[in-house]
Ligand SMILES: Cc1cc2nc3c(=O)[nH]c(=O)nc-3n(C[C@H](O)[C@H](O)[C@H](O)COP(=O)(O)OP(=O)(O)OC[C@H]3O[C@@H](n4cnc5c(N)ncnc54)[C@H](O)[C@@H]3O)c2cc1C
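Presented as structure tokens, the chain that follows is alone, the form predicted on its own.
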Amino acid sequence: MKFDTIIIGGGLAGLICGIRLSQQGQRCVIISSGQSALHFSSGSYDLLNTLPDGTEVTSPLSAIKSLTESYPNHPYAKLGEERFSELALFAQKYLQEIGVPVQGSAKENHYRVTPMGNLKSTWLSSADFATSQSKDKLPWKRVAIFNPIGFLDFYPRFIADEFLKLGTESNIHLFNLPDLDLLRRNPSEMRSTNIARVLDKKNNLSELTQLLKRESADCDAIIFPACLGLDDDTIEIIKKEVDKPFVLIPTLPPSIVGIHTQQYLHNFFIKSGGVYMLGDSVKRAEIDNNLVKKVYSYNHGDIPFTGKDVVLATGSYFSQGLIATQDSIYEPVFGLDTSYANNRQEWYRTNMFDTQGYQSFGVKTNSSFNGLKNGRPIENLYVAGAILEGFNGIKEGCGAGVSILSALHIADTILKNANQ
């Protein structure tokens, strides 16, 4: 099977790269084993919240110079200050263009409301999520917080307590709909995805909208758990009916906005001409003269995938893009060089909230994001996203930014080389 570019991994990095290439006329295939980390998304995309030394970042564009000078192995340092700024500003516009509605700017981080009701710095948030430009207050004096009775992955009381610290009072409303009783027979079924399928139904949506209007009469905004909106029109219908801001707060996983984004990007990639191989994994590759010649998957046996370029975007430990043994970290598809501490005691700290060493381990690349094998770059193999070395996506608040920016940069590099 012959393609222009073979992309291994169907998460955020793989999809963004594939869409960008397909829009420019490339024939691309994405080989994806299944569920990606997007299914656990908070609804926001972090670019840079903290420098590796712990310094808080309010303006990513202003802080990037310090990062690139001090941490040369960081993916952003490999992009360089100018390219980082260019891509960060472009990414917001690009997501909007392909139909992913977001709010925010790389010039200044804003603050999103977390599942516990406090404010956390971020780059871009879903357009429907509760946010603030200030870390000390919310844009409303009084809100109505709604939650389906029996939904245990959302905590209205905790949220109301945190809101009060920020100067916002809350009314809490627990509600029920007859169709939710079917889920409530088994508490394990009261999860966000199942609730969304109920609330997205037109008859339930109409009843819910009337309830929201009635119970929020004396409030400035309506706060709702992100357990609706698998269907594209649900949230817009509610917004048109209620006469005040209607915003969502993320719940514990699974994430409705993450699942919706994954499905949307998957469909957009296919509509752009891409081929998506779901439920398949790459088992080996043939490399000759520093070029990937053939890629073999489990589902296709001896039938190889061939392409001019290959993008490895298999994620980190969660999706087995990286495998940890007792004494090493390795990349299982190509056997690429990885960075990790030889002393296992440096991999972790006993306090789970400390910076963990293993989180910055990953695949080594050159400045063009070509994967290294035995110290030499493989010329047509690029590495994107969470599998990269040199950054801690959780502590630095840069995981989504690294995925999006590295994917866009690699796509542009492939297109540039193809046109030469």
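Since we're looking at a predicted model, the values are computed, not measured. Each residue number is its position in the shown sequence, starting from 1.
Same protein, other form: the form predicted together with the named molecule, not shown, and the subject of what follows.
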Testing 375-383, 60-68, 360-368, 42-50 against the named molecule in the predicted complex with a 4.5 Å heavy atom criterion leaves exactly one stretch, namely 42-50
Item to complete: Please check if A400 has a heavy atom lying within 4.5 Å of any heavy atom of the named molecule in the predicted complex.
Response: yes
Practice prompt. Spell out, yes or no, whether the shortest heavy atom distance between V282 and the named molecule in the predicted complex is within 4.5 Å.
Written response: yes
- [ ] Check whether C17 has any heavy atom within 4.5 Å of a heavy atom of the named molecule in the predicted complex, and answer yes or no.
- [x] no
- Would T355 count as a contact of the named molecule in the predicted complex, using a 4.5 angstroms cut-off between non-hydrogen atoms? no
The listed residue (S319, S85, T338, S272) that reaches within 4.5 Å of the named molecule in the predicted complex by any heavy atom is S319
Contact check, 6-33 vs the named molecule in the predicted complex, heavy atom within 4.5 Å, ordered by sequence, gives I8, G9, G10, G11, L12, A13, G14, I31, S32, S33
